Ligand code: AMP
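Given as structure tokens, the chain that follows is alone and in the form predicted on its own.
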């Protein structure tokens, strides 16, 4: 079978991952990062009443038209209290930030701009107050009926603040897709202790579960199945019956005689591909009972790269995210030391460490050995430099980088 281009492989996946995602109602504390399912309108104004933006004195601006003006202090209003009685001509009320502006007053004079007289019983002003000065008007930020959250919006901490301030305690969001991760193989073990001959520890499953969670899905550990057709069939059927997506790793190479491949071919409509990329060339995708199933390669780095390129955008689409948020950012960086490669008909994804240089531009350097089994370079990397087929990138030349971590 010939190589399949990266674009064609991605299109094959995304063309089959569709449908209206289900909704659920969650408390605000659980809504961050989720996609709003419905529009939310404010049922309250913000602020709900005229209030002071400063500690100072609520005054009638007309009383300060001629300065200096001496005005009598007739009370104090604190935040959380009802407004003081109406301010009559020649009077002022001591007021704290956030406290209701009393009737009659139309401005607030900051405390530092007044001279306090008669032990607080009066004040002297030497400059006139302006109508509305330091007063936050009711509804100045939000009015009743204003939309405070639109459907399709990714809920941020700022949205939570707005929703809370208008009295909304829960919000309808797109349900996180349940993504099951299954490992198979007699050679795999979990936990510590000495390894028997031929055994290796299962690292893919724990990494993929973390990647699912970071992508916005609800990670479901489907466990480790031995090389037994009945056990693998049982695990996969359990996965597709309880999850929205299933991920497996290993056994997807064209030459493999693998029970996972045999079982998946019996259960669903799978396509087994050799994608023109390195690492992560072998890849499988299909539907089992209309549930997307991803067959990721078994090498640890290949499994992660394949997830990033194929599974992550599909999961994020099922999270309800817009098309421009399915992939991670692809900024340009400077390959400080160069990133050489040999022509082989594939796009290479090289693990790099990206930093912000002294001139503000991003700089990328190799994170270490690039073998598909070299996990330490993956752990050190926060980006994958994208190298088209050819001889690589010369030192100091630009290169596109798929960011997989923080700068």
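Positions refer to the first chain, counted from 1. No experiment lies behind these values; they were computed from the predicted model shown.
The discussion below concerns the form predicted in complex with this ligand, not included here.
- Though this ligand is absent from this view, in the predicted complex it lies within 4.5 Å of a heavy atom of just one residue from 264, 101, 252, 179, which is 252.
- Proximity to this ligand in the predicted complex, defined as a heavy atom within 4.5 Å, singles out one entry of 320, 300, 239, 286, which is 300.
- Residues 51, 55 and 133 are none of them found to lie within 4.5 Å of this ligand in the predicted complex, as judged by heavy atom distances.
- Exactly one of the stretches 106-114, 152-160, 201-209, 124-132 approaches this ligand in the predicted complex with heavy atoms within 4.5 Å, and it is 201-209.
- Using a 4.5 Å cutoff between non-hydrogen atoms, residue 308 does not count as a contact of this ligand in the predicted complex.
- For residue 188, a non-hydrogen atom is located within 4.5 Å of this ligand in the predicted complex, even though that partner is not displayed.
- In the predicted complex, at least one heavy atom of residue 258 sits within 4.5 Å of this ligand.
- For residue 77, no non-hydrogen atom is located within 4.5 Å of this ligand in the predicted complex, even though that partner is not displayed.
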